[in-house]
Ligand code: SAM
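Below you'll find only one chain, the form predicted alone, shown as structure tokens.
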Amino acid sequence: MTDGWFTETLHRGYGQSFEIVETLVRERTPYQDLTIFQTRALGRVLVLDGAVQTTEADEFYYHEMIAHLPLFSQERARRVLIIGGGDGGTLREVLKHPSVEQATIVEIDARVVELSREHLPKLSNGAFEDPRTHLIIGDGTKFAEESADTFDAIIVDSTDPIGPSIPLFEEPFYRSCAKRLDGRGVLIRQAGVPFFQAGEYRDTHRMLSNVFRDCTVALVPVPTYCGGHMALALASDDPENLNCGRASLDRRFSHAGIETRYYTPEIHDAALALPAFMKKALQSSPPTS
């Protein structure tokens, strides 16, 4: 971060730059480097360990899809677990569903929640004050392993597999999550940017396939993620969830009566159609059970 610009260089030989109007936060939390700055084009931007997590301008692409894909894949999800997601954007979208009775969010870094609520309030839009929200500051892997609660959906809204997020990308964590899901539940997690991180979505799909009866990947455009598209891996022990069809999606979306900026039943259906290079990569990594 120099001379009024922040440059993100996650991948060798490639980067993107943001013009900074004002730096609002720059600190080392107990877990990671956290920066929030104001830009001219994209509003406020949250950066963790040098990687852009979200911007006010385009956050809705990611947060709507990671929330609504699993919740509209089933009938009337009531209990939802979010692991990570301390900025509150995913929580905001989950709570739009009138069927949701409780949303438990487990975030390891309290400062992400505190500073996002202070400097990025549009993301959560009051979601942390909703009486259905149960916020836990703690380790998501331990919660999944030790909790006795069960959920209709688990949303793993984590950073890439570095630092405290590494255990969230390993098979023992997915096995713990499977125990936390009821029989018809759906798990979703971000699985990297396919153009640059083929290994991440391929390995995620392989490990989830070892644990769940059904697993697929959706593709979501996010303008400010290096590479342009984010992979979201979905898994369930009920194959009907991930193949519920347009008629069910249309009916559920209409019944929920929620407003979205990106998600629609048509987009949901289309997101599951993968380009050839991704399909080939997934076919080359069968389960290892």
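The numbering used is simple: start at 1 and walk along the sequence shown. These numbers were taken from a predicted model, which means no experiment stands behind them.
Omitted from view is the form predicted in complex with this ligand, to which the following refers.
Participant: Taking this ligand in the predicted bound form as the reference, which of S124, Q197, T133, T159 has a non-hydrogen atom within 4.5 Å?
Facilitator: Partner contact (heavy atom, 4.5 Å) among the options: T159.
Participant: Between D109, D214, E171, E145, only one gets a heavy atom within 4.5 angstroms of this ligand in the predicted bound form; which residue is that?
Facilitator: Only one option qualifies, and that one is D109.
Participant: In the predicted bound form, which of the stretches 91-99, 174-182, 68-76, 136-144 has residues with heavy atoms within 4.5 Å of this ligand?
Facilitator: Residues of 136-144 come within 4.5 Å of the partner.
Participant: Check for me whether this ligand, as it appears in the predicted bound form, comes within 4.5 angstroms of all of A153, S236 and P239 - heavy atoms only.
Facilitator: No: no residue has a heavy atom within 4.5 Å of the partner.
Participant: Even though this ligand is not shown here, does Q32 get within 4.5 Å of it in the predicted bound form, heavy atoms only?
Facilitator: Although this ligand is absent here, Q32 would touch it in the predicted bound form, with heavy atoms inside 4.5 Å.
Participant: Under a 4.5 Å heavy atom criterion, is T104 part of the interface with this ligand in the predicted bound form?
Facilitator: Looking in the predicted bound form, residue contacts with this ligand do not include T104, since no heavy atom lies within 4.5 Å.
Participant: Examine L48 and determine whether its closest non-hydrogen atom to this ligand in the predicted bound form is within 4.5 angstroms.
Facilitator: Yes, L48 lies within 4.5 Å of this ligand in the predicted bound form.
Participant: Is L249 part of the interface with this ligand in the predicted bound form - any heavy atom within 4.5 Å?
Facilitator: Answer no; every heavy atom of L249 is more than 4.5 Å from this ligand in the predicted bound form.
Participant: Within 4.5 Å of this ligand in the predicted bound form, counting any non-hydrogen atom, which residues from 79-111 show up?
Facilitator: Counting only heavy atoms within 4.5 Å of this ligand in the predicted bound form, the contacting residues of 79-111 are I83, G84, G85, G86, D87, V106, E107, I108, D109.
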